[in-house]
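This document opens with one chain alone, in structure tokens, the form predicted alone.
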């Protein structure tokens, strides 16, 4: 009965073509059709007929590949299909296994014997299927168990099988490094193969291996050099060049040796792919060879003027590699690079932009910035912002070391904000503030540019530019003494259009207005005094003239304008804006009242002057830049453990951290109904200390006391213990004495020398040299076992020769032992002791590979 059902299933079973046609006919409801097909596949795959099972598995593989259907449930059925004697079924099974199996597949170990059987098959196509499957799903166990079969196939007489076995070696070495002892010698022997397919495969394997640890493959340089000289296969030469690019960076003598063959390839009429690989090898690893480098730069020029955008991109990419060491190569092709900025290909434009920024120095920064800003004005959104970001990064590098005229650069930042597609407001605003804090000579121009930005209506509606307005508002208030008239600054800060800004930025506007008001009032009262205040004495002539310009009418007008502008903000919903507005209004009300009483009560003016002087002292301290590593420089107090495990704190303090809800009320109130009784922590500790003679404390309290004893540094000290002295009478508050996070000393200021320009470079405040961001070192390599195995295989014979020279008697003893072993083997064969032919061949191959490492000649001498 079961056989009749399987026969009916095979007769009426839909093929893969039928499934594809059915899916294409489904205009709507494709998912329902796939569900029905899956139910059909689940029924068919249980058939005892392997043909029916293989077709069902083929359809399932198609649905998994194109529609993401899970096929992990059919893993055992795939193993069954692989065991079929028909090649078509076996191909479908191996494809399904390679597609769905992984290291966690439960039935993975069931295919080990089947793989070994197919690897030893006389049918080269079955061997090919097994090798391809092993290269996809090979695990540590599979690689260990099948190493001997792969070793045998490396010496196969069939080129089709041998080249695939060479490719599988890469996976086997990665999963099972000890396979190097068995297979590496035969892999090296294939470097001398005359078959181009085998040679291409083995060179490809070594190209991948050298990317992991190139130093281990230096002894193979003679073999690679021979291929470089003799081969005319472009793809083989490309792989060999990649190998030499890795090796030459380690061994300097190798660069001189391979420079001539590479130059010969560049002079020949070779393919563009090989020519570019020669150029990349020279500019990346042979840049010290002058002749080769000049020839490579000349060939790069041919790429830059080519009509193909792909070749132009490759030429620019090659220049970007050579630019760090040999900038002259970039300068020689400057015209072609600038022309590439208007290329239609966005990748070509980006490469040209990066190259142009590599040429920037203090002499040409103005010219290059002007060229790039013109391109940014007529470029699309993406490239425009790339141009702006590149200019900002290049100009701010190393504390603006290439900027001599900061007035020009501040005005350039203002022009960037007006570019239509600009979305780099965060970076521009940060640099405006940074320059204001670092460069005192640029503050006057900064205030002028900031006011121009504040009154520009086009910037208010662009959310990407709001950080620029925030920085401009801060600079206008912080450095108001450099403005022409403080009234204009306050008017710009209080204009009605600021309602378009978010509350966080409006709060900065209000705070800057407060600074402007305090400075103006201080200047007014200083001008009224008969004796000069410290502000006037220490100020420059420009600030002094500004101070003397304030009169009663101008101050009254400024105060009235501020009151009018902030009255509407005192009732806003945002608490930050509302609080700042009310603070300023309260201050202006008090000052205005005192000024009006000037005639009747001179003491009111004195009182107002003192209040203004106090507020002016609050803003008088100059702000400086903060190092990115300032927090790391704060020393940890002695005894503070930051790595202790506090996971048990929640369990111990659970009852103290629970919210206390008023049972008499059904509603919750954040201020009255719910309160977190953290104070209970301190009260419970005090109760424990005072009631030692009373009843035992609860378990949670005792656990809390124990936890506090172990982790006392994490708890806030009580009021009594804050001023507690130890037994010796010494105050025990040293742990709370933290040094300031950012204390800039006079010695930290490192002014630059004067440049060779008409205008000397101003002083730029720089932080300590140790404030650079430290890069974390790379972790240890994951390929150390494979590297050690390769080095052992390559260097073993040289070490044996040295041992023989040092101990000739030991070598004689080993020779006599080998002779005796050979005699024993002959006697065993004569006595008729038989062993498996396959096992003996495998064992002899292993012994040969282990006893005879590769002999490498030092051809560099």
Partner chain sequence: MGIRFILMVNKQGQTRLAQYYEWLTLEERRALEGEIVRKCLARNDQQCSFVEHRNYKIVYRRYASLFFMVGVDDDENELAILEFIHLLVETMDKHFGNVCELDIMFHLEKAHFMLEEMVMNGCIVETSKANILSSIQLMDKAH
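Worth saying up front: this structure is predicted, and the values here are computed from it rather than measured. Numbering follows the first chain given and starts at 1.
Beyond what is shown, the protein has a form predicted together with its partner chain; the following relates to that form.
Report task. Report whether all of 88, 168 and 201 sit within 4.5 Å of its partner chain in the predicted bound form, measuring from non-hydrogen atoms. Result -> Verified in the predicted bound form; spot residues all in contact, yes.
Query raised in the report: Which of these residues, 474, 313, 184, 400, gets a heavy atom within 4.5 Å of its partner chain in the predicted bound form?
Result: That would be 313.
Query raised in the report: Which one of 463, 211, 620, 249 is close to its partner chain in the predicted bound form, taking close to mean a heavy atom within 4.5 Å?
Result: Among 463, 211, 620, 249, a heavy atom within 4.5 Å of its partner chain in the predicted bound form occurs only for 211.
Query raised in the report: Can residue 68 be called a contact residue for its partner chain in the predicted bound form at 4.5 Å between heavy atoms?
Result: Residue 68: contacts its partner chain in the predicted bound form.
Query raised in the report: Do residue 491 and its partner chain share at least one heavy atom pair within 4.5 Å in the predicted bound form?
Result: Because no heavy atom of residue 491 falls inside 4.5 Å of its partner chain in the predicted bound form, the answer is no.
Query raised in the report: Can any non-hydrogen atom of residue 99 be found within 4.5 angstroms of its partner chain in the predicted bound form?
Result: Residue-level check for residue 99: yes, a contact with its partner chain.
Query raised in the report: Even though its partner chain is not shown here, does residue 785 get within 4.5 Å of it in the predicted bound form, heavy atoms only?
Result: No, no contact at 4.5 Å.
**Report entry** Candidate stretches 109 to 117, 224 to 232, 426 to 434, 305 to 313, one within 4.5 Å of its partner chain in the predicted bound form by heavy atom
**Finding:** That would be stretch 305 to 313.
Query raised in the report: Out of 261 to 289, which residues reach within 4.5 Å of its partner chain in the predicted bound form, heavy atoms considered?
Result: Going through 261 to 289 in order - heavy atoms within 4.5 Å of its partner chain in the predicted bound form - the hits are 272, 273, 276, 277, 280.
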